[in-house]
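Shown here is one chain on its own, the form predicted on its own, set out as structure tokens.
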């Protein structure tokens, strides 16, 4: 069995949706995503975590005239993003069960499945052209999901989001074409790109071409302005797809493509890139303090969290990269859970204004318990899934610069304050005329929150199996970068121990 099945299964399921009635669309989408999760579990059970070599790979000619091949594989760098994608998609589908999409349900769920195929392609691709196609293939479905099922300002906001991300993609495409034209083997193969000998000047502008694409997708300050509006206006499932999985494409792209291909360019510009990421942490945390809209608050908190992940990746050491790997998984679970919480509140109360809520814990104990567990995971309380990742991230940045880690560490303090204040404002205190009508979660709402809460605790208590999956890949990546920089005569990289 090869990993290519993870790309084609959601595509086939999406096509099958158009053969059934709208009423069956969500059930078939759920079955398809559960099947994808089971297959991912089988593949991971066969994965050898003690080696960094690509496994369960699949190679086929695609457009050989331009050197583009369908090359996909699983290794220590992409196994966790692939797991994340397979894990959260059934939860997202399940969270939509109480929404009505009427005669467009087939289109809605087909777009989600198409997007899953695109994101999985991005994570599995070992060919630059395939990576770019997957990158764009994931963008198109979310554009229609947000544009067709979003809020009142969905058209204007979605257009801004599309222009931002598409413009960034074009910079990356220009970079890929440049690499292709300078590859004597005439392919887009990542291994060939790793062996290119480009000058510092060439690598410098290529670094910014790739960094712009990835920084917009993550997003990193000051390329973040599309994100809060888009997350707020998007339908709940769209916000979950964007924040839970899609932004990880940018983080993963830095590790797989930007840093190893352009070591000299990275060496020249990483101090500025890390500084931007840390500035974004503080900026987003301060803005989050002022938010009364719960969904918008989660959007800004996400910018702060992924800014920390970005800074740790750019610090380029084992702690930082391992922290980034497990935190990509934890952040994806937590932020999907938080958007589900706000979707339930919005659906039941017809408002997301924190100041209009309060006392819900008194009338909805199951909802209150799950909301609290997910919030504690998001603020990285020990024994929750956020703790291990954020500890490693800060440790990695500390190895690079003690001043930056002091500033970046504010994300934990500030995050705890505004997240717990949000929880207090929504759940505690007396009920009012509005919240007295809140009823506790039942059915799919209840089960999806229980599953996410269980994941927060299980990963927090015993993270070793997740860390083991990426350990060898991260160690060999650091070793590869150390040798590569030594060969170029540069020794000014961040800590590479």
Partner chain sequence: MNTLILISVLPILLLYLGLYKAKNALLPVTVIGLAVALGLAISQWKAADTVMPIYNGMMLFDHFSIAFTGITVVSTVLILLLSKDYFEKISSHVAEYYSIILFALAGIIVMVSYHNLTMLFIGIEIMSVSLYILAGIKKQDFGSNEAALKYFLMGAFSTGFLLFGIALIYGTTGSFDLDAIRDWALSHKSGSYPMFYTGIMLIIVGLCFKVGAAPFHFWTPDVYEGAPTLITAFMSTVVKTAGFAAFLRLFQNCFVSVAEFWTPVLVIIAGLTLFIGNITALYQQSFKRMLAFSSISHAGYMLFAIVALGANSGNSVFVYATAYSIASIIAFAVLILVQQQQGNDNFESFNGLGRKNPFLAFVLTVAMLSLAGIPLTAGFIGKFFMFTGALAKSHIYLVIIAVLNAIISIFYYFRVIIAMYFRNSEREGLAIPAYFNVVLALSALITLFIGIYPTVIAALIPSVK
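Positions refer to the first chain, counted from 1. The model shown is predicted, which means the values in this text are computed figures rather than measured ones.
Omitted from view is the form predicted in complex with the partner chain, to which the following refers.
In summary, the region of this chain contacting the partner chain in the model of the complex, judged by heavy atoms within 4.5 Å and restricted to 213-221, 373-381, 344-352, 155-163, corresponds to 155-163. Proximity to the partner chain in the model of the complex, defined as a heavy atom within 4.5 Å, holds among 178, 194, 97, 289 only for 178. Among 283, 270, 387, 114, the residue placing a heavy atom within 4.5 Å of the partner chain in the model of the complex is 114. In the model of the complex, the partner chain lies within 4.5 Å of some heavy atom of residue 136. When contacts are judged by a 4.5 Å heavy atom cut-off, residue 362 does not count as touching the partner chain in the model of the complex. In the model of the complex, no heavy atom of residue 439 sits within 4.5 Å of the partner chain. Residue contact with the partner chain in the model of the complex: residue 65 places a heavy atom within 4.5 Å of it. If you take 129-151 and check each residue for a heavy atom within 4.5 Å of the partner chain in the model of the complex, you get 129, 132, 133, 136, 137, 140, 143, 144, 147, 148, in sequence order.
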